[in-house]
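Given next, in structure tokens, is a single chain: the form predicted alone.
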Amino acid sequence: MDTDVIVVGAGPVGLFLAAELELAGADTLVLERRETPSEESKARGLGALATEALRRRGLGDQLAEADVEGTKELARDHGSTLGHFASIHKIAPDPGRPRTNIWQPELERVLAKHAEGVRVLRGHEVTTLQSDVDGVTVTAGGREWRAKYLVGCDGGRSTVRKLAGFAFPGTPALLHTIAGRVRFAGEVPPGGRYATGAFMYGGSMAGVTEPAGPERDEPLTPDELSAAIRRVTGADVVVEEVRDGRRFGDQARQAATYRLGRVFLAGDAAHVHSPSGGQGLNLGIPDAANLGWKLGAVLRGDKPEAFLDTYTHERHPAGEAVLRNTRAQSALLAPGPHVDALREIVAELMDLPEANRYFADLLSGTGHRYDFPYPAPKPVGEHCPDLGLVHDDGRESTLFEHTRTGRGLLLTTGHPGDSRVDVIPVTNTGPLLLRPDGVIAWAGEGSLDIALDTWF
């Protein structure tokens, strides 16, 4: 074996997973086809769950610093910093569980530094993959590499997914968007919904959404964008320059399982969907957080091989939930007077505090709960936010100050300790058992021993 785990793809999900694996004691190798990190401005933010996953590992200061400028840019480009559902910008932020506005290239730099102890081989594109009962062998960079496990974090067009034979069912694109940072000459029509599509314009960002047509891979040109604006708005515009041009659709597909033997999928390799609501990394980063510690536990011999099946069991429903709400958003983004009427009603509903919180929880993922193999009431199965703690000696700290080790954590008000987890006596909160991914495994009701034995 060359290593314990091969991670294919050095994007945000792959880098964070590699760091989690190293933290769990697994020797890890990352293979990336690109020679240099991409500077393409894809995702521009992390939702609450992804933000918390990184803060649990001590990256809060870096995220907070990036968020200052990122929030200014978001306000400039969108005209609002409120969250949105189908571009209806009304969702109030949760101050206790904030998101982070950070462009993907900057995020990758933060995560590359975080994972700087991991071997990352760039210019190594995987071309073959063979899995057997003992491990996985791939060809990349002119040689073979073998590991006990392999995780494909190589994006929506995942080579790993295709080579390993994962089924990838779903729905084709209904809408297609082209966008970028644009310099116009002369007057520009107002942004908004039109009879045949939508024109988005704010700050230096501009784009057009129309019913989907044939897929195109070539770079976005000024002539193509100006023609699209003309089709939708009827206005003749002159686009002098397009930077950071991108194309995306709203196809929604999900791997039937996230595990085939010793091969796993995470991030966009496991699920693709519309970027509406900015949920991609908020789904992919928790994939990595969920899988990393579990692979580490099996590799150390703490848990049996079957323990890894809990990854699909827990994360597949989370992916299904995002595909469901992005499909709903696509329906609300389609052109036409009937959809316009529906959007007006949804916008009115979002003014109700209960409805607004529903949409906020939907997009942040904080309302999603894992189905555990033992009965337990809420909050068991949910991701725990940061908490203020008062220790039994009167000291104060925050929960995330104690989660950087990647171990399980027991906050106790009198329960005996356990060597399998870190124990912190506290006086201001009920007892909680937290898994390394921040999920609450026990909250005082039921058997603590069963929870410890299940996860540790």
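Residue positions are given as counts along the sequence shown, with the first one as 1. What you are looking at is a predicted structure, and each value in this text was computed from that prediction instead of being measured.
Quick note: we don't show the form predicted together with a small molecule, though the next part is all about it.
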Q) Where does the small molecule sit in the model of the complex: which of 121-129, 142-150, 217-225, 292-300, heavy atoms within 4.5 Å? A) 121-129
(Q) Taking the small molecule in the model of the complex, would His114, Thr366 and His402 all count as contacting it (heavy atom within 4.5 Å)? (A) no
**Q.** Contacting member of Gln254, Thr159, Gln251, Thr312, with respect to the small molecule in the model of the complex [4.5 Å, heavy atom]
**A.** Thr159
(Q) Looking at Arg357, His89, Arg246, Arg109 here, can you tell me which has any non-hydrogen atom within 4.5 angstroms of the small molecule in the model of the complex? (A) Arg246
Q. Can Gly135 be called a contact residue for the small molecule in the model of the complex at 4.5 Å between heavy atoms?
A. no
Q.
Residue-level question: is Ala53 within 4.5 Å of the small molecule in the model of the complex, judged on heavy atoms?
A. no
Q. So, in the model of the complex, is Gly155 in contact with the small molecule at a 4.5 angstroms heavy atom limit?
A. yes
Q. Does Gln104 reach the small molecule in the model of the complex, with heavy atoms at most 4.5 Å apart?
A. yes
